[in-house]
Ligand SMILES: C[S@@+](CC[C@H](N)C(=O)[O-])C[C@H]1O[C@@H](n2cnc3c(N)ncnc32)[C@H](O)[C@@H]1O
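Here you get one chain, nothing else, as structure tokens; it is the form predicted on its own.
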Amino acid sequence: MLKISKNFNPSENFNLVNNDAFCVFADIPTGYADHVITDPPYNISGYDNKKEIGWVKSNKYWTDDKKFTKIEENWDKFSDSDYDKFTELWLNEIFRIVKPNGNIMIFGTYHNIYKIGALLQKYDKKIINSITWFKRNAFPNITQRMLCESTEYVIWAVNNNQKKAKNWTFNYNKLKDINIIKICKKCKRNVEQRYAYCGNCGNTDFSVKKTQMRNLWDIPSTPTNERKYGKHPSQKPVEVIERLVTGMTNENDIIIDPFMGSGTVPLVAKSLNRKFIGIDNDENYCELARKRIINDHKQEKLSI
């Protein structure tokens, strides 16, 4: 039975820890984890000079009918300078805990991804790719003062410097196996796998081919069935995490996620036969993660 503990236990393959990440870091030996996949605070709720959004109070259509709420989470509130210090501190702990040449995969938006990228360059970590996750069903921008933000990003780096980085894990063929393209036999155009007919000519007869995984991932936002045990404001879809775990880790590898939230990284790690250290300082989110891992690690698994 998976339990939530307050401390890291090296004798366990599956560590679900409810504590401040920095308290847990202190107990994890150097080079213990193979990789990190994490979705840290973006500081959307905090940052200096943030203005109150007036239409949230005045526009009842969005607040009452559409149930719009801003992200206002205490774990996501920092001053700009505090956020910079926080980010540098946890990254340095990850550089220590993850093995040399282990993969470092970090989520972000324009709020924080450039800071993280700059710090990875500051510490001379080899950056392999940036992945753009396109959320086709992203929430609309209702201020009408900027483009609709419909992407998030993943920086994929290696825990070594530019000269010494080598032999990092990349399962090219496994990702190619799941990147199946449908081709209409009538008009020869590519058709998205989710569609049963060709949008160009209406044909339903297709051929298929496997192709290289691109760094643009067209995956909808987290579906309702993945939130059945509770909600987290920044929960990532299983499909996004499955691609990272499948492509950039191997079976029995140890994956650490120091900001696990609803537990999607541990969930996918277990379903794909990896070990994990999942950490969150919120007791309710840890319990949500535990329920998902126990009950849904097989059901939520896709056909990888």
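Don't overthink the numbering: it's just position in the shown sequence, from 1. These numbers were taken from a predicted model, which means no experiment stands behind them.
One more form of this protein, predicted together with this ligand, exists but is not displayed; see below.
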Can you say which of 233-241, 268-276, 28-36, 247-255 gets within 4.5 Å of this ligand in the model of the complex, counting heavy atoms only? 233-241
With the partner left out here, check for me: in the model of the complex, does some heavy atom of L16 sit within 4.5 Å of this ligand? no
Any of the heavy atoms of I293 lying within 4.5 Å of this ligand in the model of the complex? no
Exercise: E12 in contact with this ligand in the model of the complex, heavy atom 4.5 Å: no
Hey, in the model of the complex, is F170 touching this ligand, heavy atoms inside 4.5 Å? no
So which of F139, Y229, Y197, F86 reaches within 4.5 angstroms of this ligand in the model of the complex, heavy atom to heavy atom? F86
Judged by heavy atom distances of 4.5 Å or less, which residues of 233-264 approach this ligand in the model of the complex? S234, Q235, K236, P258, F259, M260, G261, S262, G263, T264
